[in-house]
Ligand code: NAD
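Given next, in structure tokens, is a single chain: the form predicted on its own.
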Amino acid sequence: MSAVGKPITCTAAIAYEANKPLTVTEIVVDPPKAHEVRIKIVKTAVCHTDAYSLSGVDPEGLFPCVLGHEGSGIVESIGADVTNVKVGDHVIALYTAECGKCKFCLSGKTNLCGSVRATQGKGVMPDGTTRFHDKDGKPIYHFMGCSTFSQYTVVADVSLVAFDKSVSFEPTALLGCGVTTGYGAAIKTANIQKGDTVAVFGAGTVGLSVVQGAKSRGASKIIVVDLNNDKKDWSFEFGATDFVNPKELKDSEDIVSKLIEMTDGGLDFTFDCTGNVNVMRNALEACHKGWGQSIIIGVAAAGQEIATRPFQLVTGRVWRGSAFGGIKGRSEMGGLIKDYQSGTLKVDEFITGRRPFTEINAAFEDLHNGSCLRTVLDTST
């Protein structure tokens, strides 16, 4: 019996308060309204951003909430005026929308879109209400416009993209955030060229995706900086030429001086994938005088600020930021999927664990384990 136009009762993982395990329970998911799409989530992965919001340091963190933003699934139903997808389409949920009509989209200068940003940050749909409710009818907030930690979710029509059904749900789920963010930062935001030198701070999924992007562009030196030696093999697997653990430097060295020494004056590009503001400073100051660029990808805790001596910038270094790798999710995701299909872009290699959805709290524990990159959850179990 079709549930089109009706509420659906399904299983979801609810974050009721900060620093507490998620509660796997039944919720009610309302039908989509105009310009909205209800998705049956098939696969979803746990990202550091989910853990960041659950920790309580996220200024936009709201409770109770359905977290999750790396997910793919099938369009179950559509609201009025939806024209970009149809029922049965396989889709990726996008936390960075693309309406194609707002000032940001029309500028050609950014992948940021202003169409749903204000309400998305408040945990509600564009009309200011939620589509999630508990069994008592109390509203539950949305997360990053996606909320993939639910068997069904509702997103704005500008916040999803269809993909060819020949591609499986696991890799496409990962393209919803981490892999795209790092790879895009390398090939689009930085636009690395053949022979450039690169340092990547933080060897998680985002950092290693920067590495593979730099390799695909022919970077001459790709240095991974991480405190965990267990990340060394992965770094080389994805294309690093060097691995440096700052804890193992000589007393007379710091990471900045070490990197400058390794690259005859500094890097062409550095990337912070840690969210640590002290690391961000090191990444900038390891850039080459005159032209080095440092790209900030990691999200710092609320209230944190970056600092450096202005002279670092006066002498030609550039600080930049990158969200979702500069990728426009609806118009450019197809290119990334082709890169994956051709073997240029590694995605499956990030999946270090698979669990049933009911083990989602264990998947969060996996994330904090140095031997894990991504755990994929099957929402049917």
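Note that this is a predicted model, so its numbers are computed, not measured. From 1 onward, residues are counted along the sequence shown.
Here the subject shifts to the form predicted in complex with ligand NAD, a form of this protein not shown in this document.
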| message | On the criterion of a non-hydrogen atom at 4.5 angstroms or closer, are A203, L227 and F324 all touching ligand NAD in the model of the complex? | response | yes
Quick one: is C273 in contact with ligand NAD in the model of the complex, heavy atoms, 4.5 Å cut-off?
yes
Flag T181 as yes or no: does it have a non-hydrogen atom within 4.5 angstroms of any non-hydrogen atom of ligand NAD in the model of the complex?
-> yes
Ligand NAD contact in the model of the complex: V299, any heavy atom under 4.5 Å:
yes
Quiz prompt | Partner contact for G207 in the model of the complex: ligand NAD, 4.5 angstroms, heavy atom | solution = yes
Given 30-38, 44-52, 331-339, 312-320, the stretch touching ligand NAD in the model of the complex at heavy atoms within 4.5 Å is 44-52
Interface check vs ligand NAD in the model of the complex: of A186, L160, C177, L267, the one with a heavy atom inside 4.5 Å is C177
If we test each of V279, V75, C105, I140 for a heavy atom within 4.5 Å of ligand NAD in the model of the complex, the one that passes is V279
